[in-house]
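Take a look at this one chain, the form predicted on its own, written out in structure tokens.
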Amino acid sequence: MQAYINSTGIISPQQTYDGTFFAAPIVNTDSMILNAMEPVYKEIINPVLLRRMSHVIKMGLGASNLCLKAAEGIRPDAVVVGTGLACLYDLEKFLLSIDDYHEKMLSPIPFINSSHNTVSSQIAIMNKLTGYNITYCHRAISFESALMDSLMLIAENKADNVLAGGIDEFLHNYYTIFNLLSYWRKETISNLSLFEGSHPGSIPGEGAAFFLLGKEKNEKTLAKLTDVQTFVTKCDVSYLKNEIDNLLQRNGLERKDVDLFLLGRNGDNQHDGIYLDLEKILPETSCVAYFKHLCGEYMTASSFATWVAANILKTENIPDCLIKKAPAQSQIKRILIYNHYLEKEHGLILLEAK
């Protein structure tokens, strides 16, 4: 199974909504939260409808509209979205209103918008898309699940173009609750020491990234999405190595054929060990890069990584803000993304030059 990434649209903690690729990267670890840098939504979404939209719906519609605009007239046959926690704000607003108003005179809008499939359905309604529409809520492999479904739709000739995306938002109550479980970093550290020393906890982030996946490539194609694999288990590096080798072997490749390993290391010494162990068994010629210091930790952060990888393959350039170990060769043809969430849910995404 394979598909071509023919356009993208992304809203993230970096200034990515304008189509630039790390023109001025922000690596701000003095902040304990990486919130999305958002565009002026009324320029890309009908202003009349904006007032009823929550933060996550604005991000989702904004990023998907940017993606469709970049596609220049190509209409998707299907919309496939992955989200770990979906519309937290609307869900929280509805639940709090039950208590505040003693279950009387409740507004139905937060309840309607609290559904996990709100974003995908709103995309379809706004763009008059009547085809296949689904949302995957598989925690930290939600985006990978959306990609796998998209690849199957294209492979089975059920769709020529699929709009696939990943989205999750940040809320302060979400931060507070997960902080009780020691998920987040409690002290600020300098940029240089983000991945050094002993620092428990990660920095939370948020974002929305959408991709128009097509059966055929065109002059705007960024990269080829070759394969996706997930597994849910607590594993060591030998298990991970076997999963990586299995994915590569079914595509006629070996580890030495991967030019760049893009890893989801987030600086949390409680769960970063498997990334460090993996780096030790990678070929000497492979480049190693990280991405979560630029987008933060959230359940669909691998969508940000996919956008990064596609742009690296398109521009044939790896921004310095990503590199942990410099490449042995200037040309990058294949990128393997590996990301995990609390060492329980693991995702592998293989991309190649178009």
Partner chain sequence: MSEEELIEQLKTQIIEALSLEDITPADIDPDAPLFVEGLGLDSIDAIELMLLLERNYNIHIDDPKKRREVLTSVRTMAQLIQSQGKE
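Residue numbers count along the first chain shown, from 1. On a predicted model such as this, the values are computed, not experimentally measured, just so you know.
What follows is about the form predicted in complex with its partner chain, which we do not show.
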property	result
Every residue of His138, Tyr174 and Val237 near its partner chain in the model of the complex, heavy atom within 4.5 Å	no
Partner proximity in the model of the complex: Leu106 to its partner chain, non-hydrogen atom cutoff 4.5 Å	yes
In the model of the complex, Lys292 touching its partner chain (heavy atom, 4.5 Å)	no
4.5 Å heavy atom contact, Arg52 and its partner chain in the model of the complex	yes
Contact test in the model of the complex: Ile112 vs its partner chain, heavy atoms, 4.5 Å	yes
Which of 98-106, 157-165, 124-132, 271-279 lines the interface with its partner chain in the model of the complex (heavy atom within 4.5 Å)	98-106
